[in-house]
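Coming up is one lone chain in structure tokens, specifically the form predicted alone.
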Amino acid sequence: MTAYIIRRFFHLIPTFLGATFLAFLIIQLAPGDFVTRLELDPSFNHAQIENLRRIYGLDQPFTVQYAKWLSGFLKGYLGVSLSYQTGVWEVLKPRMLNSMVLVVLSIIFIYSFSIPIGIYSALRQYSWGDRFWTTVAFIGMAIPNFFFALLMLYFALYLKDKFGHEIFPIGGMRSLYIAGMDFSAAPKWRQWLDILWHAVLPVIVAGTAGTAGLTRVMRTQMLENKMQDYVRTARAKGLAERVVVYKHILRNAIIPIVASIGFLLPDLFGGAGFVEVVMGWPGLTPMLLEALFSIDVYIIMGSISVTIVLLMIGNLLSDLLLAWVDPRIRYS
């Protein structure tokens, strides 16, 4: 297994290089650069603008800029943000942690609901419960995240008007004050409870589409495996139905669910991005949009590289989990 992980790591290197080089090239193909907007400012003359380009390294060929960025990345240095005038990692770290709160909670939400509902629907095929959850799943897959986020905001406003106080927060990640105290002065456990309270609606929005899709996959896989010969053999041996379902059917049906983990992390970051923008969650996506508008190349590359690394980690994790779930899979 160790040899396989090392081999996979070396296989991921050209993938990372190709993806980041292509992203850097596309950014460079966009007209203008970070200091182009200063050309319209009468307080800056041509010499000052060219001097800024030289300081930021924007006057060099994009291959040289990419090589310098890659060299810094390998040393754990992502460059300096042109907009914030500080290290990219210092800018990315708090935003990435904020996004990870949504992503981790959304993953827990997705698997906590999709697997049990999929099992229930498969074991009670064509019942009223199965029809209900099938309808809910289709609605969840059809409704866009940004529109669902707007509906949740309207729902939160409706509850506030009805009860006279906030049942669910209307946007943001935390309150300014907790029980009369400034947020930073409140105990850590109250800070986390406040963040979790603010995350309820965003997590529901970010996790609904994934839950709906995986529910349908889980139901289909359960129904397909339920008809296999090994299931009939297990029942013929007199095994309890609970053992047949959860030890034999479920173990094989859950393999595609485990395989989807590799794509779930980056997909959630993309899906949570709409939620962050609409619901005012201070995550990676709002910062990335600001960086795109200002052509802050190092913030953009930092965000892209984080997403690529997450995709690679997710794919490796899904392969390892597949070997754990399915004893027929062996990596040597």
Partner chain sequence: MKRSIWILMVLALGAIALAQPKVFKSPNPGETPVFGGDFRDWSTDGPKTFNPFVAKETSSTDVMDLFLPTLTGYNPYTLEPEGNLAKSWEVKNKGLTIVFHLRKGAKWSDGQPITADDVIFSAKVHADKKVGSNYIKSFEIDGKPIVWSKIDDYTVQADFPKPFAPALIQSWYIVPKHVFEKAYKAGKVNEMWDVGADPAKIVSGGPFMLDKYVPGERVILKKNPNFWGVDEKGNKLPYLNRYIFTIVKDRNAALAKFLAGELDLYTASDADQIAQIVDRIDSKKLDATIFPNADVTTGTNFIFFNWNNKDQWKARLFRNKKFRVAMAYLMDKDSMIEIALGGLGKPQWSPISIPVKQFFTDDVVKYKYNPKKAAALLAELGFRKKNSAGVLVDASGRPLEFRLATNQGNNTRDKICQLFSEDAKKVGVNVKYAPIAFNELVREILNTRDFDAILIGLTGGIEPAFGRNVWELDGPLHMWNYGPDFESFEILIDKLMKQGATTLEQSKRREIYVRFQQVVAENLPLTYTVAPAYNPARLNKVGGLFAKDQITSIVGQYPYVETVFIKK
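As the structure is a prediction and not an experimental result, all values here were calculated from the model. Residue numbers count along the first chain shown, from 1. By rigid core we mean the largest C-alpha set that fits within 1.5 Å across both forms.
The same protein has a further form, the form predicted in complex with the partner chain, not shown here; the description that follows concerns it.
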Just one of Pro256, Gly171, Pro187, Pro116 has a heavy atom within 4.5 angstroms of the partner chain in the model of the complex, so which one?
Gly171
Selected contact from Trp89, Tyr230, Tyr246, Tyr154, since only one has a non-hydrogen atom within 4.5 angstroms of the partner chain in the model of the complex
Tyr154
With the partner chain left out here, work out from 158 to 166, 200 to 208, 107 to 115, 238 to 246 which stretch has heavy atoms within 4.5 Å of it in the model of the complex.
158 to 166
Does the partner chain get within 4.5 angstroms of any non-hydrogen atom of Ser260 in the model of the complex?
no
Just checking whether Ser83 would be counted as a contact of the partner chain in the model of the complex - the rule being heavy atoms within 4.5 angstroms.
yes
Is there a heavy atom of Leu176 lying 4.5 Å or less from a heavy atom of the partner chain in the model of the complex?
yes
So, Gly129 and the partner chain: in the model of the complex, are they within 4.5 Å at any heavy atom pair?
no
By the 2 angstroms cut-off, has the C-alpha of Val278 moved between the shown form and the other one once the rigid core is superposed?
no
